[in-house]
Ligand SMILES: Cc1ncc(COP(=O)(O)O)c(C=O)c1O
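In the form predicted alone, a lone chain appears below as structure tokens.
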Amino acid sequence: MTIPIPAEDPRHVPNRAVIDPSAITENTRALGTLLEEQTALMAVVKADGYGHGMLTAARAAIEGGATWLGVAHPASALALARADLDAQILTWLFEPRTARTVLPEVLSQGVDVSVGSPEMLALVSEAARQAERRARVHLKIDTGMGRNGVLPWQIREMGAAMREDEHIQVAGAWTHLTSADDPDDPATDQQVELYDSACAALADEVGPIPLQHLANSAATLTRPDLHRDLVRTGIAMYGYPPVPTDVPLRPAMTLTSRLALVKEVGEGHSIGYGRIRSTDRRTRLGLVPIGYADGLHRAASDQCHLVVRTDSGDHRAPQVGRISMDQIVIDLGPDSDARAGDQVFVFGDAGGDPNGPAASTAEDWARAAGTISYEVLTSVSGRVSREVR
């Protein structure tokens, strides 16, 4: 017998990921201005909406003009379908057990599915037979990512199999770009060439392909020639463009906590595991009850700044020493008026004086940890409550 462990009551936990749906809506709308009228926008809301909450992100993106929603797992697609949202849904990642359990209901809800192998096609066909409904299938083509997708030489065989299967309707063909965040990398054009030739071969077998899509956030921002019938925007929709851009995008998540204690220490006082930092003067240290179990990356230790809201205003303070599992230390400075209970902004929009100090961004934390903003956002753990503005 499995006994569930009660979740922490969010009313008693100081850490919050504050989500601003209007930012997602405005970002989606701004991305939509880049598209021609015939090109649709898919809001990628996988990984629980990149940590922002899948349904919150989906509704906000639809309000901003998205007409498609994309998720990796069929269970996520089913949750979206049950929410009765005004958008078509695509899901693309499943293994046999999941397929046999979930796909029949997913298909009965009218969700599009991707297949990337003959075996996946067989699973979808069987699920469609059980659902008594033709499956709308997007064929995934591996043009260099090496993950999901059929290889170009398999296209004609797959096309013939789909054409001859009464339970399958070809709805689209797609691929995933490996290096679109580097506009100078020739790999993107090489992939496009492979994709176009594969689509031509597929069309020979099944006729015109209703939807061709290959542009992610980076290609949406930099390669209008790759917009085709549909673009799939993920990270940019949440306010973190993967390439430099003039498109106005703002982060939708702000991570906050509160000071647990403040104390004065002398010069030369060591801080944290490994004693990688010692004070260089008399100062006041603040303890913040958030750590790597909440999603902060230990590799980012001693490199980012937070904002503390005190009675005298907002003040920027560096995180010092190693990030621990449940806590970090910040250097408030010798003259700080901060006290226990004051609000702390770890990253995102503090929402105070527009000319005041700014906290580090998720991108700053990513650079400090040697990773990407995608990982920072999706790493914010389940014990951090989501609060929708």
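All figures in this text were calculated on a predicted structure; none of them were measured in a lab. One rule holds for the numbers: they count along the sequence shown, beginning at 1.
The same protein has a further form, the form predicted in complex with the ligand, not shown here; the description that follows concerns it.
- Of the candidate stretches 184-192, 296-304, 168-176, 128-136, only 168-176 has residues with heavy atoms within 4.5 Å of the ligand in the predicted bound form.
- This chain appears without its partner; in the predicted bound form, the one residue of T254, S257, N216, T283 with a heavy atom within 4.5 Å of the ligand is N216.
- For the options R97, R275, K263, R147, the one in contact with the ligand in the predicted bound form, meaning a heavy atom within 4.5 Å, is R147.
- With a 4.5 Å cutoff on heavy atoms, R232 counts as touching the ligand in the predicted bound form.
- The ligand is not shown here, and in the predicted bound form it never comes within 4.5 Å of any heavy atom of Y292.
- At the 4.5 Å threshold, heavy atoms of I330 stay clear of the ligand in the predicted bound form, well away from it.
- Proximity of K46 to the ligand in the predicted bound form: non-hydrogen atoms within 4.5 Å are present.
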